[in-house]
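Just the one chain here, the form predicted on its own, laid out as structure tokens.
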């Protein structure tokens, strides 16, 4: 149930943070009848943390498991079945959206609607108490040093102490719970940090004459990348992302720099010349790429509180839902007595790391390749084109985004040899063929002007 105040003072599990990681965890615990309190400092509907997320079929399959209604969280949001990647003005290539969870489409969900949907559905669970507008001020520990509850306040109540058998931090990248328990960073990449800023626009020109909503990614090969993400109510989120040091070296306010970057790229600005920015700029400096210690005596972390990575491969919501699913399974085993706390949390760490680590490494390499590495013109125009326009790569990349393919296999030496060989072969055939149809195919597909 969703409550205005907290009337009880002890719960099996207290979850701090009511966004996707926390709300989905509460739903799963509610399905198992575990007495759960979830608190969130905001009220719903409300603006979310910095996020303009793509969600694919594999993410929607996890949402199905907790009973989230697609018609609600994706209301007025277009279904998208292809996306386009441009490399400067050298070439472009289209990718299909992989099929998972019975869907061959993706969304860019509006986080206000999405988060509200996940929060409101907690009303269905009798053993879940969901309280918004509650600020956690600290944790408490028992005589053995085990976390045993939280302290906090609600506008309608004085500061109170709530005890619990365990406390879960689902409170984001700047997690109060992670800080209070001293959760250490166990792994981190700081060599490919990026800054990201975005705003929503209306009146954005269509990408092409196909008439469908299409995510549009433009890599300018100068340390920056741009993304158009069609979202709810006819709005499009437009992202400018780049190497942190380069971004922060630019003169002007964040808004001024954002517009300057967009105007600098002809294939980006052509879509925005007649458009209007309709929201304030949002963003984040130096996106974190890390794992934290995920659990300890009486506490656990999920979502960004535990694991963070660059948004380039659009896996953030899926990762949050997956972590919470795995944590819910281990907490249920613990509460039902089939595992002790230490075993359950060790299994949570092992299972989640095994799922998250390959994508983390793959995303870091892609950020390096597409934002940090600035290849010579010949390499960009030819080698990258041969690879990225390969049907083998396109299929593999689409499958990777729905977690059906290990990212490390995409550019493994055997696969690279085949893709490069096919690309070189096609160019040679074009050069020497007398086939009029083959000669009519451009070596580099014409980019829209």
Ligand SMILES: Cc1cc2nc3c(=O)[nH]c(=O)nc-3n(C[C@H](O)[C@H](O)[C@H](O)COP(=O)(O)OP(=O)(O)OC[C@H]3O[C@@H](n4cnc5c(N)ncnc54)[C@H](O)[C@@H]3O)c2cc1C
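None of the values given here were measured: they were computed from a predicted structure. Numbering follows the first chain given and starts at 1.
Keep in mind that the form predicted together with the ligand is missing from the display, and what follows is about it.
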Query raised in the report: So in the predicted complex, are 22, 53 and 304 all sitting within 4.5 Å of the ligand, heavy atoms only?
Result: yes
Report summary line: Per contact check vs the ligand in the predicted complex (non-hydrogen atom within 4.5 angstroms), the hit among 128 to 136, 68 to 76, 362 to 370, 84 to 92 is 128 to 136
Query raised in the report: Would residue 318 count as touching the ligand in the predicted complex under a 4.5 Å heavy atom rule?
Result: yes
Report task. With heavy atoms only and a cut-off of 4.5 Å, decide whether residue 60 touches the ligand in the predicted complex. Result -> no
Requested in this report: Using a 4.5 Å heavy atom cut-off, state whether residue 16 contacts the ligand in the predicted complex.
Outcome: yes
Report task. Would you please decide whether residue 176 lies within 4.5 angstroms of the ligand in the predicted complex, comparing each non-hydrogen atom pair? Result -> yes
Query raised in the report: Which of 166, 196, 295, 181 has a heavy atom within 4.5 Å of the ligand in the predicted complex?
Result: 196
Requested in this report: Just give me the single entry in 254, 172, 101, 223 that has a non-hydrogen atom within 4.5 angstroms of the ligand in the predicted complex.
Outcome: 172
**Report entry** Heavy atom contacts to the ligand in the predicted complex at 4.5 Å, residues of 269 to 290 in sequence order
**Finding:** 284
